[in-house]
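In structure tokens, one chain follows: the form predicted on its own.
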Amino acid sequence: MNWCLVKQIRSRLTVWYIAVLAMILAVYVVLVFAFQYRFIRNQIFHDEVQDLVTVEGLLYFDDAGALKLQQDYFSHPQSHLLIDRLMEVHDLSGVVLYRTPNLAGESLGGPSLPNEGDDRFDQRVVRLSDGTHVSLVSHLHTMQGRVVLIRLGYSLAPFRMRMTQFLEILLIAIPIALVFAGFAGYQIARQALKPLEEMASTAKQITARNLNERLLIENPDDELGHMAAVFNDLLDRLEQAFQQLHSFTGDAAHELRAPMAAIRAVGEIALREQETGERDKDALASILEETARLEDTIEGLLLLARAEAARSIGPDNYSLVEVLGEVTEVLGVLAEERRIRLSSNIHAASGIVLSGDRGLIRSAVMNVVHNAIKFSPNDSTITFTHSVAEGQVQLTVQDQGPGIERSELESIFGRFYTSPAGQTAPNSGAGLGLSIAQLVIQRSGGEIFFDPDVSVGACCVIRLPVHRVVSGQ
């Protein structure tokens, strides 16, 4: 038996069901066999007594004093009752007066026992010299003024053979019954646990993005319905906690924007004052630099909160070419400062229309391109390519920077993650850009990852579902 199958509840239930049923059937077979054995033995004793009473009426002493058995009484002389009957008659002194030929001169039961058959029919089992066991009935009978002891019996071999066959039939029936019962039990357990499998499948698909989904409760009164209700209550509490967490992130970032803007404004004014010394100006410049970083972080948190609250399908239909054009136009100045060339053939995808939150997608693409510019060396090239297959458009952003270690390909999308690599650490920001990009792309039904097989730089791959393709553009 496959051990993996035994690990399943329905398989364990089936095994337990078969084991319990096997024990019940074993006890049932023992009881039935014992009852049947005892019933037939009593029936044999009763028939032997009836036969012995009949024989008592057929015995007589002839004129020579020899004991005879009247044979013409039976209408079927070849009956097994007559052929198989073993009988011996002797007087109280032990002298044998009559013995059936099938005993071949052998004594039936040996010498008389004390008080044997004196006031009732004695029953016992004796063994002949050939090993045959005989059910023997003894009784004292008075005839023509003489008291004789009549012993009558039949071989138990046919009875025991029939009982052995009966036991074999029962033992053969048990495994057959267990096979059918096991198959039926497995199907019943599978059917009973089917709602549990469906609930597990549904629960497996519930993530932080769709915490509003709930398990279907078919019968709230049974155990599975109660479990589903408890799980749904847990999801309610989790959804509420997530909503509070998201609100806190957005609210905290929003509340920090005003103080940070005030600090930056005061710092800029103080920096322009003539009376400010060079030492103070350096300090103010450092404060303004850190303030700018904090504002970027706050903007990232606000964008993250917006992306988390966004639905999977947004309200806008937009062109990917237009979005990428806006991004390259905004970041083109930054690229020009470092003499980085932005190479693209994306204009060929002008007929591709996507669906979703256009503003969030634009921010996601901008974060990816901004990262590529930050980590690219001066006088290098960033290449944009696209392709369409199986209802998805794939946009790649390939730079010529230091690349990404294979061990960081997953963790780089973590929130506030910054690479410890020496080549990239100086240009690292708050570590929210790629987290926001991944969240937005996934909420839009797409995926984003870095190609692990590139040999130069890093290649970010964005796949998004195509809403429609407009021909002739």
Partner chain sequence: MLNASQRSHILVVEDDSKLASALVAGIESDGHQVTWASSAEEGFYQLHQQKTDLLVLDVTLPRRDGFDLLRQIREDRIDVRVLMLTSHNSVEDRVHGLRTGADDYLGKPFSFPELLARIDALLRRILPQATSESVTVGDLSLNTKTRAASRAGKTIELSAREFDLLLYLAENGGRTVSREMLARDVWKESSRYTPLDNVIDVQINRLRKKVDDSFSVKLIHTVRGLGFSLREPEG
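Fair warning: this is a prediction, and the values are worked out from it, not measured in the lab. In this text, the rigid core denotes the largest set of C-alpha atoms whose superposition between the two forms falls within 1.5 Å. Residue numbers count along the first chain shown, from 1.
FYI, the form predicted in complex with its partner chain isn't displayed, but the following is about it.
- Of the listed positions (197, 379, 106, 337), a single one reaches within 4.5 angstroms of its partner chain by any non-hydrogen atom in the model of the complex, namely 337.
- Screening 370, 190, 99, 124 for any heavy atom within 4.5 Å of its partner chain in the model of the complex leaves a single hit, 370.
- The candidate spot formed by 289, 329 and 333 lies fully in contact with its partner chain in the model of the complex, as each residue has a heavy atom within 4.5 Å of it.
- Listed stretches are 290-298, 255-263, 165-173, 240-248; the contact stretch with its partner chain in the model of the complex is 290-298, by a heavy atom cutoff of 4.5 Å.
- Heavy atoms of residue 323 never reach within 4.5 Å of its partner chain in the model of the complex, leaving it off the interface.
- Its partner chain in the model of the complex comes within 4.5 Å of a heavy atom belonging to residue 366.
- Taking the partner from the other structure, its partner chain in the model of the complex has no heavy atom within 4.5 Å of any heavy atom of residue 234.
- When contacts are judged by a 4.5 Å heavy atom cut-off, residue 362 counts as touching its partner chain in the model of the complex.
- After superposing the rigid core, the C-alpha of residue 116 moves by less than 2 Å between this form and the one not shown.
- The two forms, fitted on the rigid core, differ between this form and the one not shown by less than 2 Å at the CA of residue 165.
- After superposing the rigid core, the Cα of residue 182 is displaced by less than 2 Å between this form and the one not shown.
- A change of 3 Å or more separates the two forms for residue 361 and residue 249: their C-alpha atoms lie farther apart in the model of the complex.
- Distance between the C-alpha atoms of residue 249 and residue 323: longer by at least 3 Å in the model of the complex than in the displayed form.
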